[in-house]
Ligand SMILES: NC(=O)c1ccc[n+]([C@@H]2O[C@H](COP(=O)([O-])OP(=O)(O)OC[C@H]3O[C@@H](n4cnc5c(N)ncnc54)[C@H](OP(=O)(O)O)[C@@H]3O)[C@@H](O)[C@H]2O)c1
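Below you will find one chain, with nothing else, as structure tokens; this is the form predicted alone, and questions on how it binds or moves follow later.
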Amino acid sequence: MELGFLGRTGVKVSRLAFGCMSFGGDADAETSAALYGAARDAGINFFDTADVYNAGRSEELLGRLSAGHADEVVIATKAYFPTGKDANARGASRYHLVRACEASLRRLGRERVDVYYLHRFDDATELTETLRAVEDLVRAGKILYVACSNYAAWQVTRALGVAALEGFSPLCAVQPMYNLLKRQAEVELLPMAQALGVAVVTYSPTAGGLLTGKWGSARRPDTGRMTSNKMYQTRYADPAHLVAADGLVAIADDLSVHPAALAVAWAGGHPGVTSVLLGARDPGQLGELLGAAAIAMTTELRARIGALTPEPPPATDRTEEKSANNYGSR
């Protein structure tokens, strides 16, 4: 398994990471152990969870499974979303983050967490309060590195500016959604991360299963996330997504690789992506995804796959900049 640096931290993480959202939910304890073992056998050293995944059960199982080799893996968890019915059991306030971090550490059975993501930007909390709270947790030895998930590029750069001004630990990584059907990260987030040395750990490379070969214009499985989860149904409601899925299957067949592996390889092929999170309910699914490590994602192949979906316009909306009809460049 190829390794890469997590931003400017000096820490090396596997180019494919494992997302443990299924632990304690779609995957029971026995299946979770099999998934964790398969990921480790494949060379994965980067594992991602969150306090809201299956009401904390994911953290508990990951902590138990990694207990014997805690110094050989990089563990990430997150906080923001509701963890209880109380009005303050959510958000990125100091009140909630301190409690959330301590609860995560108890469930993980660890004295510290390696990477701590702010799971979402908190519109109701002053950013300085949020960053000061996690900085205090860093100085208390409970967090090694601070990161964020689902932030827009301007929110990341603002957080980096506040951290620099106040002398706080900078965000080392961002975790955006990124796949062949959801390419907004290409507009500002990925270029920003490349320019500022921030790691990018992407999630949902198979678009909730839509790019695994099971879905297409004439294919509709009876079970799966897209059939039961309203959030994913809303996110991928565009009929054009099924046409793109057909195109990916055709290219995968031409290359004799699994469509899911090709989707993962495409997402990881962007030069700004550090690691791609894999999610699976069973070892069979994980095996399909791990095939991405053996795919040589050339510039030509990535362009061929990318042509299946519209490239998002530049941040300035000056689409002529990508054509010959512009003022030129330096």
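Position 1 is the first residue in the sequence shown; the rest follow in order. On a predicted model such as this, the values are computed, not experimentally measured, just so you know.
The form predicted together with this ligand exists for this protein as well; it is not shown, and the discussion that follows is about that form.
This ligand is not drawn, but in the predicted complex it has a heavy atom within 4.5 Å of Leu278. In the predicted complex, at least one heavy atom of Gly19 sits within 4.5 Å of this ligand. This ligand in the predicted complex comes within 4.5 Å of a heavy atom belonging to His258. When this ligand is considered in the predicted complex, Ser149 lines it closely, a heavy atom lying within 4.5 Å. Residues with any non-hydrogen atom within 4.5 angstroms of this ligand in the predicted complex fall in just one of 45-53, 265-273, 64-72, 291-299: 45-53.
With respect to this ligand in the predicted complex, the three residues Ser32, Thr83 and Arg90 uniformly fall beyond 4.5 angstroms at the level of their nearest heavy atom. The contact residue chosen from Lys182, Arg107, Lys142, His119 relative to this ligand in the predicted complex is His119, the criterion being a non-hydrogen atom within 4.5 angstroms. Counting a residue when any of its non-hydrogen atoms is within 4.5 Å of this ligand in the predicted complex, there are no hits in 180-202.
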